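Listed next as structure tokens is one chain, alone, in the form predicted on its own.
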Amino acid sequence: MKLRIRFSKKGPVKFIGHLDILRYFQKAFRRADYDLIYSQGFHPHPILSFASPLGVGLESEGEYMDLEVNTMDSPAVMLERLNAQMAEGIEANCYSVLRDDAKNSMSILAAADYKVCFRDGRMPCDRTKMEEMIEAFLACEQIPVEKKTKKNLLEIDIRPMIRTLSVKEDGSIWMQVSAGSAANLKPELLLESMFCQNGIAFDPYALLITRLEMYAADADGRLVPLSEYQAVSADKLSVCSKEMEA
């Protein structure tokens, strides 16, 4: 049985790296008495994967992991049992049972939402100027940037990867950008390009970045939250924390 769990990661745990988070959940599932399915071979391990590793120092309200189990209770009970084992700053908030033919979230990831705030006194300009910068930035037909890979530097056009970009009244920047193996745009790279285009020094340590949600694209190209994509919703085999509170 395939499951998908959505969880948040906030506070000091944002400085815990991806591999340590993987080991953390492996132990949490065992303590929660999940009947996990393990791989075969000399070194069996739980069949568990994440949609997209979260960078160190970033917070998130919408992280996703996929796992497989032999048996389970109701989604509400399974979610409660897991959260009873969570450390401060990590909370599972949505639990979905997937169709048998569902692909893992890493392979279907298409886009992600981010919110970017600035540390006190380190916003590079006022909101009006930021709006003008964003308007001019989005008006560009092409936005070439150099992206560092493991082997070399590549010049890529990030304009097709920007779906939405705006600034709110409180000065925070909200964006929806491409994510996944086919195309992946980090908020830091987008902002660095926009600031440099306007002659503003880019300070990555001034940013407070939160990933809000991740999406898959359906057959018509519409974005669907990963918690809903390929889920067995007709049989009520999914639950989110908001539903539980209601």
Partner chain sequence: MMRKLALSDDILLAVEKPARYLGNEINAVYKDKESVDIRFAMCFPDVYEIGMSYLGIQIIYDLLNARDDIACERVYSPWTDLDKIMRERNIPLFALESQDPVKDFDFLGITLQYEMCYTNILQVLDLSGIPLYAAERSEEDPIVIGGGPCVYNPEPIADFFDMFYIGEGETVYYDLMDTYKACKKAGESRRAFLEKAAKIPGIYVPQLYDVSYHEDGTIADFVPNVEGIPEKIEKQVVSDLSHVIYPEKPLVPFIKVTQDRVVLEIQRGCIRGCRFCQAGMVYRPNRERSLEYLKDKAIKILTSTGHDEISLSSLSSSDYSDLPELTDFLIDYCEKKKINISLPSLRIDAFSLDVMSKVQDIRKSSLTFAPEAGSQRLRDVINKGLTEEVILKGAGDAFRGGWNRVKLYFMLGQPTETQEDIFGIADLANKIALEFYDIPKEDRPGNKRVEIVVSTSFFVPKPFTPFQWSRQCTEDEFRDKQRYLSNSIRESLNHRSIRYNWHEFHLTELEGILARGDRKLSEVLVNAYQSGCLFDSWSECFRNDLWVHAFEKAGMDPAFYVHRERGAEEIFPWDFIDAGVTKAFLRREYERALDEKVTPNCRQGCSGCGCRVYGGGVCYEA
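Numbering follows the first chain given and starts at 1. A quick note: this is a predicted structure, and the numbers were derived from the prediction, not measured.
The following text describes the form predicted together with the partner chain, which does not appear among the structures shown.
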Site check F118, K129 and E188: each within 4.5 Å of the partner chain in the predicted complex by heavy atom: no
Find out whether any non-hydrogen atom of G57 is located within 4.5 angstroms of the partner chain in the predicted complex, and reply yes or no. yes
Look up in the predicted complex whether G89 has a non-hydrogen atom within 4.5 angstroms of the partner chain, and give yes or no. yes
Spell out, yes or no, whether the shortest heavy atom distance between R122 and the partner chain in the predicted complex is within 4.5 Å. yes
Going by a heavy atom distance of 4.5 Å, is D20 a contact of the partner chain in the predicted complex? yes
Which of 174-182, 38-46, 189-197, 217-225 lines the interface with the partner chain in the predicted complex (heavy atom within 4.5 Å): 38-46
Residues in 1-15 close to the partner chain in the predicted complex, defined by a heavy atom within 4.5 Å, in order: K10, G11, P12, V13, K14, F15
